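Consider the single chain below, provided in structure tokens and representing the form predicted alone.
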């Protein structure tokens, strides 16, 4: 991909959109009748400021999801009529569409549409995320335009061309930087390119799990399949026009800081094993936490004679039809693979170390209709307000459920709402497994909801009731040439083994050798205790920036891309500080770094991830949560909104330009 293209223009920024809508009045009426009432109410409120109508709907809306309302049909019809009349009035009067709603109106609209109070702390985040003026509020602009020579001589390396890497590249290109993106694969996409196992899909609604600066109206699913996500990434990459900056099938082997010159000396390994070295003023890791597969330490793994592979590297050359297949692991990947292959294999043996909570959602497999796509592409602000609703429904609204009520005595839940969720999830388990008490006991977690990653119910529980599926619980003793021996000494003979055992999330930057001013990153972090200021910068590692670094995984919900965009903005501000200040070195000071990490650890106290009954990949061997962010999205947005120069040691070195 070398040519760039233009992204689709959102309707509110498309000249003549109102005239187009009225010319298609019949399609507009048909379309509105199919849409969720909450985003339609927000569009109407935005265009009119009619708070009285908003107030009338409030008693009937209990949540942000489309299925969490009980608005009478006559009220919905009335709203549709009012919206059409409003669009017609705008078109006939020739009035421009309104800018972002006032804070007062935003509060009324938001509170009504999500069925609860949205704190004022969220408003700045909402304005940024929805980009009402189309200018991308997260774009960092120059305060003083730098000289061409300064930008040309300041070289930036981005590691990884997944979602974060290409977005970082796009922002660097907009600002005119001299940069390179190194990608180990032969295409963009990162984890979405590498993971192609059966059933792969995103478990965050993709109308939110996408760039805020590149909303997509034409998703085929509400929870997109893997190939659909990969197609979106490739389209965005083509539109960004950064192909000349990306080097495929190359991998960073090491990056070593030269304190005398204030540069990183980087060794890159090509696919054929040959290496070359280059120097960069700044290095940005966009490799993330979920890029190195984790293999279980089970005796005898090398003895198995049949095909054995990790879910992240699914072997599509292996024919599983009619075979006996073992899937080890029932986390996110396992629960997508198992229902996807159960009707293709002869027998499926599922090895579960510990159960996970599984949350149903009626949209999990539903396809987006043509009317929905048309609305998202043509009704002004509909795409944006629908995104806001998903932001709320999948993220911070859950946080109160995840904190311990000190007066709560039930060890299997944290508070009254967490208990209510538990009972709802238990009822779903009972329904899905047809009341099978033995199976219910095996798959019901003994820890509170959200202690581990909350999984979407994509048919996993129902699949366990099939005649050709066997669930084996507990630890595995060993592998044999022909199968797997369970904790009771029973050998399960299988033809193929898939390890759905996750990633080495506690060990970011693996396997790159990173050496700063005082040893390697492994000297500082060990194998499982990474720490960073805001998840982005680390003392003793100047000019090194992390995207999706320690304590930035969203275990309580939300979109990883939201966090990524916050981090990219912060990094762009740091680089701007260097360029405009003619600085060579920017290094976070020890005090703010340690203060931030103390606050992170303190915030985890009383949260579900620290519950004594929970063991997960979120924690290291000592029980510290090292992957997850404890913050509400609004808090992290505020923490990263402005780069703080006073928290950094910044200097110039006497050396020739790189």
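Treat the numbers as computed from the prediction; the structure is a model and nothing was measured. Numbering follows the first chain given and starts at 1.
The discussion below concerns the form predicted in complex with a small molecule, not included here.
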**Message:** Even though the partner isn't displayed, in the predicted complex is residue 617 close enough to the small molecule, meaning a heavy atom within 4.5 Å?
**Reply:** yes
**Asked** Hey, in the predicted complex, does residue 480 get a heavy atom within 4.5 angstroms of the small molecule?
**Response** no
**Request:** Report whether the minimum heavy atom distance between residue 239 and the small molecule in the predicted complex is within 4.5 Å.
**Result:** no
**Message:** Within 4.5 Å, heavy atoms only: does residue 354 come near the small molecule in the predicted complex?
**Reply:** yes
**Prompt:** Three residues, 197, 202 and 330; all within 4.5 Å of the small molecule in the predicted complex via heavy atoms?
**Reply:** yes
**Message:** I need to confirm a contact call. Of 501, 413, 383, 212, which residue comes within 4.5 Å of the small molecule in the predicted complex, counting heavy atoms only?
**Reply:** 501
**The unique member of 336, 378, 394, 564 whose heavy atoms fall within 4.5 Å of the small molecule in the predicted complex** = 336
**Prompt:** Hey, of 255-263, 178-186, 502-510, 154-162, which bit sits against the small molecule in the predicted complex at 4.5 Å between non-hydrogen atoms?
**Reply:** 502-510
